[in-house]
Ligand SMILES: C[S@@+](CC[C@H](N)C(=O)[O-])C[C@H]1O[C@@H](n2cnc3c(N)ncnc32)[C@H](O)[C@@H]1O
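This document opens with one chain alone, in structure tokens, the form predicted alone.
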């Protein structure tokens, strides 16, 4: 086990670890009103129907246990947030948190974002994509599974509104360099902008997720990239 100095991040991280341990011992509620159900799986989802209002749409790919989407949706009630998570145990934890907070402007979906977005998200409808600490698939033979690749960037561009934003953070230097290379072929369609810090980010943090706090304690750097659609 590593030696960690007692910093605010250490205190926050371990307090959250204790919270998740308590959650592991309780029954997670399903809260169907906060998930995208099969009845919502139209060819292209009607987001006004899903949220019961017309508002800007933000999509987080890889919501984990919901730390970011809960903090962000509470901070910006005027925005609709969709969180996408494939891992069942994380998805259920995120739904439980959103439901217990009764966050009306947040929904969760369990699916593979790279497959689902091309089929169900219409052109120029998303205001912002949030992609934080995606699986780096570090082994060379697995690199093809990485979320950030030309095919998915095409879908992000298609679905983003004009001036829409992609906000990305990773702790993996090789993946970050891969991202820069992948986006280099699209710089006629995007412009780099300053990374937008998460509403729940504390001093020294960029996003404010459990992963980031763990990585900071371990001395790992966070690499960020933000782009705006031209």
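Positions refer to the first chain, counted from 1. Note that the structure is predicted; figures quoted are calculated from it, not measured.
The same protein has a further form, the form predicted in complex with the named molecule, not shown here; the description that follows concerns it.
Contact check for 87, 132 and 135: all three have a heavy atom within 4.5 Å of the named molecule in the predicted complex. Of the residues 111, 155, 143, 127, just one reaches the named molecule in the predicted complex with a heavy atom at 4.5 Å or closer; this is 111. When you look in the predicted complex, the only residue of 121, 147, 93, 79 with a non-hydrogen atom within 4.5 Å of the named molecule is 147. Contact check for residue 61: a non-hydrogen atom falls within 4.5 Å of the named molecule in the predicted complex. Contact check for residue 222: every heavy atom lies farther than 4.5 Å from the named molecule in the predicted complex. Just one listed stretch, out of 45 to 53, 63 to 71, 28 to 36, 181 to 189, contacts the named molecule in the predicted complex at the 4.5 Å heavy atom level, and that stretch is 63 to 71.
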